[in-house]
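The chain that follows stands alone, in the form predicted on its own, written as structure tokens.
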């Protein structure tokens, strides 16, 4: 048995097309153009690639895209002043500050300064708290993408045993809340957890988000389980380009899992598509319109 490979690229393309359709509708019916502002501090090459991709896809969906590039040595006060300006700008419905920030800037202060209604990264304590309480909230994009990919395999996650490996604020913790909202039974594991292989053996749904190359081995996985690999790790290759691998030993897992996301071509594709979803949802909420159909 070989696992069904979940095509993140195709699922993300379908989602972007649906977002573009809804953007066209709210423009036509309400004269509303959703706007996303992305703030990049410094010139981290990986962050620059992400920001370029966000800009291209935002425009392709028919939204307004605002880019703000600041030098790595920008004063925290100047960054806060820019966020204040974007909070007040009626053309901007989503604000994303690309992480990580330089060490001279306090990340929590910056996240807390973003208007929760425009916090399309879902990291503001208001959104995190609402999500934890089971209320409507803007949720982080990567966990949202994980849920959509899982539901491409299982129409309902109700009663399924889910294991989330990793407890970051960006992926692990919000993913647990989203799984609870789907009525899954959730275990969260991390670097201090004992006997990870045993925990994994009972999971119908396994989410690996630890940032350790190929940590999850094939013999950990319950036969037929759905495996969602959030990891993106660059492995140096002598004399060549680094190889991209996930947190799951993919070749081993292929022979055991029922379905699995590849790296690349899996979760990464969904993150930007879900950012567009969040921007559209935020624009409709701010304008007092009903939630869009995506």
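Quick caveat: nothing in here was measured; it's all calculated off a predicted structure. Residue numbers count along the first chain shown, from 1.
What follows is about the form predicted in complex with a small molecule, which we do not show.
Asks: Could you confirm whether residue 99 comes within 4.5 Å of the small molecule in the predicted bound form, counting heavy atoms only?
Replies: Contact check for residue 99: yes, within 4.5 Å of the small molecule in the predicted bound form.
Asks: Does the small molecule come within 4.5 Å of any heavy atom of residue 170 in the predicted bound form?
Replies: Looking in the predicted bound form, residue contacts with the small molecule include residue 170, since a heavy atom lies within 4.5 Å.
Asks: Give a yes/no on whether residue 121 approaches the small molecule to within 4.5 Å in the predicted bound form, heavy atoms considered.
Replies: Residue 121 belongs to the contact set for the small molecule.
Asks: Examine residue 271 and determine whether its closest non-hydrogen atom to the small molecule in the predicted bound form is within 4.5 angstroms.
Replies: Yes - in the predicted bound form, heavy atoms of residue 271 and the small molecule come within 4.5 Å of each other.
Asks: Would you point out which of 129 to 137, 75 to 83, 90 to 98, 193 to 201 contains residues with a non-hydrogen atom within 4.5 Å of the small molecule in the predicted bound form?
Replies: Answer to the contact question: 90 to 98.
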